[in-house]
Each structure stands twice: as structure tokens, then as C-alpha cells.
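Have a look below at one chain only, the form predicted on its own, in C-alpha cells format.
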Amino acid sequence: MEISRNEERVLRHLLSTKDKGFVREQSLEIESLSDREISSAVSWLDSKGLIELQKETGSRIQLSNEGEEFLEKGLPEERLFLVLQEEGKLPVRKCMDILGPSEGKIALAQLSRFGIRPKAGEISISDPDAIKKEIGRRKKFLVSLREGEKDLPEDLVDHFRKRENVISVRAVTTRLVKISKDGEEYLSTHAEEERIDFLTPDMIVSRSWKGKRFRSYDLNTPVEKIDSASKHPMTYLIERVREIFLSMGFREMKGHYVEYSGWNMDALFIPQDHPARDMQDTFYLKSGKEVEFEHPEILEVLKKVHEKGVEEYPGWQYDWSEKRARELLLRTHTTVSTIRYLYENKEAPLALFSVEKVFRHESVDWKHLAELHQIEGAVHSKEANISTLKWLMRIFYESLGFKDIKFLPSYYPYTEPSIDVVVKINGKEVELGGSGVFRPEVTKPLGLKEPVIAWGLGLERLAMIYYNLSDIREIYNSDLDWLKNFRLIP
């Protein structure tokens, strides 16, 4: 049996530490060998029986991205505390405006633990020294965690584990190694000598290989199993969704991440004072350049529909603003792609679909993401009606393995009637998306002569059910065990 030069150096180092018993692999320091080279050599020596190896499992606490952000700009409760120190008291609404809805809620919740609660819609502090001291402890804890300190206060570990997205606790495995009797015997029968493991171009040019012994290779030596590359679970699900719609004769469409509010909202008959258009729900963009509005002729049509309606439909009866329609945003749904495609392709029948990203100004938690995928679909046909819509939804979800499907009445500004699609999983009903028949205020301005049915379904929420996940964020975590072993789509 032959071992490589790196393996021999690691083995001789372990021989020098054999009186210590098992030592941590991370503590091995060997000149000119990197941690990766030492780890590889340990694995090979273990497979050859020249060392003994034990594994210890434990946990490692580390800062999440949000924890790093809090450390840089201050904890939400710290920032609100500083404002309250300066102002004395503040209306709760003002607190939310200063910190934003997400961090404002966190700050108020944390300060309430100190007995600071709103009264008559206002909040103030009475014992600043105690609060300042505790906030200081929390900041010191985060600094210690970032610097890799191990001895951390248990009460603060528990505190931050209960707070979402500040710290993460991951399982870690540590390898303990020591030289075996076979390893000692090997070294006693093999004198240390210089030999060549790999022949390099420089050796050939300089002819320095002459007179040296080459390491022999055992072709029967077992090699490490290497997992081949594979597709992400979401990619499998997207491909399955595409296969279903393509097999049904649908045409795939593509859209843009950045849209005008006019296409994203106004063309769908969403009034300009609708809550969904607020900054709290939508990512608006600023641009130093004037971006050309696609099909600017539609703006005058949208103005007329919103202010006066179309035919017997009265509209919203308000002063419509072209300036608001020209605001740039990250699209909040993929229905905007459907609207534009139908405007450019008015001939029926037409069946469309897409699976693309949308963006929502959401607080990220176990069931919400700020960036997610939407399964979009629409049918423009004289046969397009609520019965056709329900039939298509049944075909789609049954193709994915869901049998117990329900439809519940709902409301959307641009469809009437509107229905939510609900499936039953483990005895619980889960809403997966909305759908309906486009209102005449949407289709008639586009020049469409036949009815249009449409739907927008959440892909990540579908993935949670499909892959049996309890937290939507797990879909995009780099958990290699899950990525290697997730259940494939039947």
C-alpha cells in the first residue's frame, strides 16, 4: 500500500502527537499544507485504516444577514430608543414611519418587554438607564458572535433564537483523529524519503525527476464518492409546470422585471388610490433617464376608462394622473405580461402562460418572500368562462398530484367573478392563488372581443406543500442534505 506525500506528512505529525490521544482535525497545523489538503489526507488515511477517526456533533451559532445589518445600523429597539430619548414621546404612527413597518413592529415589541407600551397612541420611556444597559449587552453579544467567541451568555442566545432572522444555529460535525497501530507499523517499515507524487511540466523541462522515486498508484484503491451536479428543486417544479401547460397547447410568454405603473396597475383597472399601490406594498424605482412607455397610445384610453368607464360600466369617477401611471416599479405580478401580450395579439383563441419572478414589499417570514415566482395563465376565447377556468385549474393541479380541490368566491379589482383555488393537504385547506374572468374595463380598452379568464398562482407556496416544508425560506437555503435528497416530482 502506498500513501501520498501529504498523507505521509499528516501521519507522521499524528505519530508525534499520539500521546495526546485523539486530536481535533482543525488543530492540525503542518507547514505548507492547507486545511483542505490536511482534510483530504485525513479522509484517505481513514479509508486505508492508518488512523482512527471519531466524530463529534454539535451546533454553531452565527449571525444571519439581518443580524449583520442590525449590527451595522443598530438594533431596531436601539434606534427607536435613541429617538425617544431625544424626543421624549412619539406617536406610534411616527415610530413606524421612522423605522418602517417591519422594523417598527420589532422595536415596539422589544421595548414592550421593558414595560414600555403605547398609551393613547403615544409611546415614551421612563427608565432609560436599564434599557440602555440591556441594549448594550445585546450589541456586545452580536459583536462577540461575529468575532467567533464561544463563551456566549445563554440568556442572550435564547433571546436571539426567538427573534426571526438575527442568528442561525447550524449543526456541525468535528472530526477527531489519532494514528492507528497499522499507521505506526506503516511508518516503521517505510523510511521517509523524497519521492514524486505528480509530474509537472517544470520537472520535465528541468529534468529534476531523474534519479527520484515515483509514487506507485493502486488502481483498486476506493475513491471518494462525488455527488454530481443536479437541478434545484424549484427548477424541477418550474419544468413540470411548463410541461403541463405546453402539453395543453398553451403558449409561453416572457415579461420585464421593471414596469410602468400604468401597465402593472392602471391597465388592470386598479384605481390609483388603491392600497396595493402604496410604498408599503410595492417597490418603486427612480431613474435618471426618461424610459419610453411601451404603446403610449394606451394612456389616453386608460384615463378615459378610469374616469368615465366604458360603455355601461361607470369607471372609478376620479381625476386620473398620467404622472402616476408613468412611475417605474418592480412588477408585483405577472398579469402585466398577459395584459401587454393580449394588447399586441388580439386574435382569439389564445392560451398563454408564464412562470416568472415578481416582487412584493413584504416582511420576510415563514410564509412570505419579497421575491417570488408566479404561475401566470390566461385564455382569450369565446368559450372562456368560469366553468372553463375551474376545469383548467382542476386539470393543472391534478397533474401535480392534488385531488381535493375547492374554489371559493373572492375579490380582485380586475376580475369578476373572482375565485381562489384551495387544495386540502393533511386535512387542512391551503389557498394557492387567485383567478377569475377579466372585467370589461380591462378587456374592452385593449380591443379584445372575446372574454378572458386568467389566474395567478404562487409557485413557492406550491413548493412548500410539494416538498413538505414548513418554512418558505427553506426552499432557498443551501442545505446540501435536502438538495441531494428532496422528493422528485412524480
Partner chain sequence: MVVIKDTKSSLVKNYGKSFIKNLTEFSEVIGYTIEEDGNELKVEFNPDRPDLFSFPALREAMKCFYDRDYWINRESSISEVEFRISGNVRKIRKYAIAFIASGRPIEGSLEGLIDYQERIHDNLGKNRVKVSIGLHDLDKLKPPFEYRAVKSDSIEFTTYDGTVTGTAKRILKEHPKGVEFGKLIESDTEVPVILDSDGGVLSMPPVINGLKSKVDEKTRRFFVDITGNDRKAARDAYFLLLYEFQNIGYTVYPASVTGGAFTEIGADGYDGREINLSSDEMKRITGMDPSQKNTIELLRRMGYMAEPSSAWISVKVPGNRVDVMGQVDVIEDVVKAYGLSRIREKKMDLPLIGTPNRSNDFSSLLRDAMIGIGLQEVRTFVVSSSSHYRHFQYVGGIEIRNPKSLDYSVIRDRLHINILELLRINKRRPLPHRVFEIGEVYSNGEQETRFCAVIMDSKASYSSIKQVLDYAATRLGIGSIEIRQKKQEGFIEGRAGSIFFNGKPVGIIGEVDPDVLVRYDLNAPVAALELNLLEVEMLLQ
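Residue numbers count along the first chain shown, from 1. Since this is a predicted model, take the numbers as computed values, not measurements.
The protein also exists as the form predicted together with the partner chain; that form is not presented, and the subsequent description refers to it.
- Task: Spell it out for me: taking the partner chain in the model of the complex, does every residue among 69, 93 and 428 have a heavy atom no farther than 4.5 Å from it?
- Result: Not a single residue of the candidate spot has a heavy atom within 4.5 Å of the partner chain in the model of the complex.
Practice prompt. May I ask you to state whether residue 437 is within 4.5 Å of the partner chain in the model of the complex, using heavy atom distances?
Written response: It does: once the partner chain is placed as it appears in the model of the complex, residue 437 has a heavy atom within 4.5 Å of it.
Open item on the list: I'd like to check something about residue 343: if you look in the model of the complex, is any of its heavy atoms closer than or equal to 4.5 Å to a heavy atom of the partner chain?
Closed with: Heavy-atom contact with the partner chain at 4.5 Å: absent for residue 343.
Can you work out whether residue 104 and the partner chain are in contact in the model of the complex, taking contact to mean some heavy atom pair no more than 4.5 Å apart? Output for residue 104 is no: heavy atoms all beyond 4.5 Å of the partner chain.
*Should residue 417 be classed as touching the partner chain in the model of the complex when contacts are defined as heavy atoms within 4.5 Å?*
Yes, residue 417 is a contact residue.
Only one of these stretches, 109-117, 158-166, 255-263, 202-210, has heavy atoms within 4.5 Å of the partner chain in the model of the complex; which one is it? Among the listed stretches, the partner-contacting one is 255-263.
Option touching the partner chain, based on a heavy atom within 4.5 Å in the model of the complex, out of 85, 363, 144, 174: Filtering the options by heavy-atom distance leaves 363.
Give me the residue from 239, 300, 122, 294 that has a heavy atom within 4.5 Å of the partner chain in the model of the complex.
Exactly one listed residue reaches within 4.5 Å, namely 239.
(Q) With the partner left out here, which residues of 345-371 have a non-hydrogen atom within 4.5 Å of the partner chain in the model of the complex? (A) Contacting residues: 349, 350, 351, 357, 359, 361, 362, 363, 364, 369, 371.
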